[in-house]
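Shown next as structure tokens: one chain only, the form predicted on its own.
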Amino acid sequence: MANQVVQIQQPGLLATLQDYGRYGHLAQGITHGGPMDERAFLWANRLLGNDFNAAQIEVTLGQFKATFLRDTLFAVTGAEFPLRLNDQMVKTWRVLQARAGDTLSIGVNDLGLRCYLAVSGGFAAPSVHGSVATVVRDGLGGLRQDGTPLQKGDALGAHQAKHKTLESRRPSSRLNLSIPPQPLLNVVPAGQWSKFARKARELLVGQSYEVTAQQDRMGVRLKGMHKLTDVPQSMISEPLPLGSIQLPADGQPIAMMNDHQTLGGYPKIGVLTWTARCLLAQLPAGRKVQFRWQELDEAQRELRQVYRFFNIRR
């Protein structure tokens, strides 16, 4: 394949091909997939002048290595993993030039979970239900179209680049794209919110929660010092929105992420806003968060701004 641009030398714990996600198929039980940290993903494409939906490699927990097979521009965004291009340290969140034969190494850190490798034009792969997004649980998408994560030796092609002169481009220094030590996660009251006792609704935002090791692309379990009591009884399964906060019988919240099931029977007290989801997607076990209620119109306004800024079309 003449257009091959990158070959995987070391995929690390989990490296998957992701575009913006698979939409319009929830009724068939097909979940969204797509990047866990949408903010980082969208910024990588914007910096390179790519379409918002251009596919990237989502690298979880670093330990990733790949060789460039031809000259290209690239960017790595997301958590601040140490990067090396050959033997030289390079920076995240900016456009860099790679030459054929160069090797990119992504190290490890304890500050964030995921980073995104994007190249000019975006990676190319056959789509499944309108997307290349890899959902391992459902066996969908990816380079082989069967949900398999990227493997050592895999070679990826790329689409034609739109721009060739964006080297060193980066976000404005006025933007704060870092991950706070203890993020405040905004939540919109939704689902069965009105059926929760007032005490439970106040407790959700009145204490901090620890991110547990029980987390993956499907969901994140959190643990608070005090369990939420008077949780409504489990109910008949109903559609489960992305970002939903479910409360099982143990009174400890579960935030549903990109590869979540499309139906759920636990009561939902709210839904994470867009920024809150992106922040939670980066938090390793042991980090603390606190929830804060936000009005629906404020969350919608934020999302509209995101769609306009990144030129997202749905």
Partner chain sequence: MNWQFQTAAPDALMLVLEERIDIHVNRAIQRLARELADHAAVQEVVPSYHTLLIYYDVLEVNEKQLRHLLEPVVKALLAAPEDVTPQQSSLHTIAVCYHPEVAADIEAVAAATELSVAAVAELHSGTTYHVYALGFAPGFAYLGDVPEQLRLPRHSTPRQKVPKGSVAIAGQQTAIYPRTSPGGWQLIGRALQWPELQAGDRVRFKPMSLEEFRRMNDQESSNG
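Residue numbers count along the first chain shown, from 1. As the structure is a computational prediction, the values presented were derived from the model and not from experiment.
What comes next is about the form predicted together with its partner chain, which does not appear here.
**Q** Verify the contact flag for residue 111: yes if a non-hydrogen atom of it lies within 4.5 Å of a non-hydrogen atom of its partner chain in the predicted bound form, no if not.
**A** Because no heavy atom of residue 111 falls inside 4.5 Å of its partner chain in the predicted bound form, the answer is no.
**Q** Test of understanding: in the predicted bound form, would residue 216 fall inside 4.5 Å of its partner chain by heavy atoms?
**A** No, residue 216 stays farther than 4.5 Å from its partner chain in the predicted bound form.
**Q** Residue 29: heavy atom within 4.5 Å of its partner chain in the predicted bound form?
**A** Residue 29: yes, in contact with its partner chain in the predicted bound form.
**Q** Please determine whether residue 140 contacts its partner chain in the predicted bound form, using a 4.5 Å cut-off between heavy atoms.
**A** Although its partner chain is absent here, residue 140 would touch it in the predicted bound form, with heavy atoms inside 4.5 Å.
**Q** Of these, 184, 155, 235, 161, which has a heavy atom no more than 4.5 Å from its partner chain in the predicted bound form?
**A** Exactly one residue meets the criterion: 235.
**Q** Which of 92, 72, 192, 105 has a heavy atom within 4.5 Å of its partner chain in the predicted bound form?
**A** Only one listed residue qualifies here, and that residue is 192.
**Q** Thinking of its partner chain in the predicted bound form, which stretch from 29 to 37, 246 to 254, 281 to 289, 49 to 57 has heavy atoms inside 4.5 Å of it?
**A** Among the candidates, contact is made by 29 to 37.
**Q** Could you list the residues in 252 to 269 that come within 4.5 Å of its partner chain in the predicted bound form, counting only heavy atoms and keeping sequence order?
**A** Residues within 4.5 Å: 261, 262, 263.
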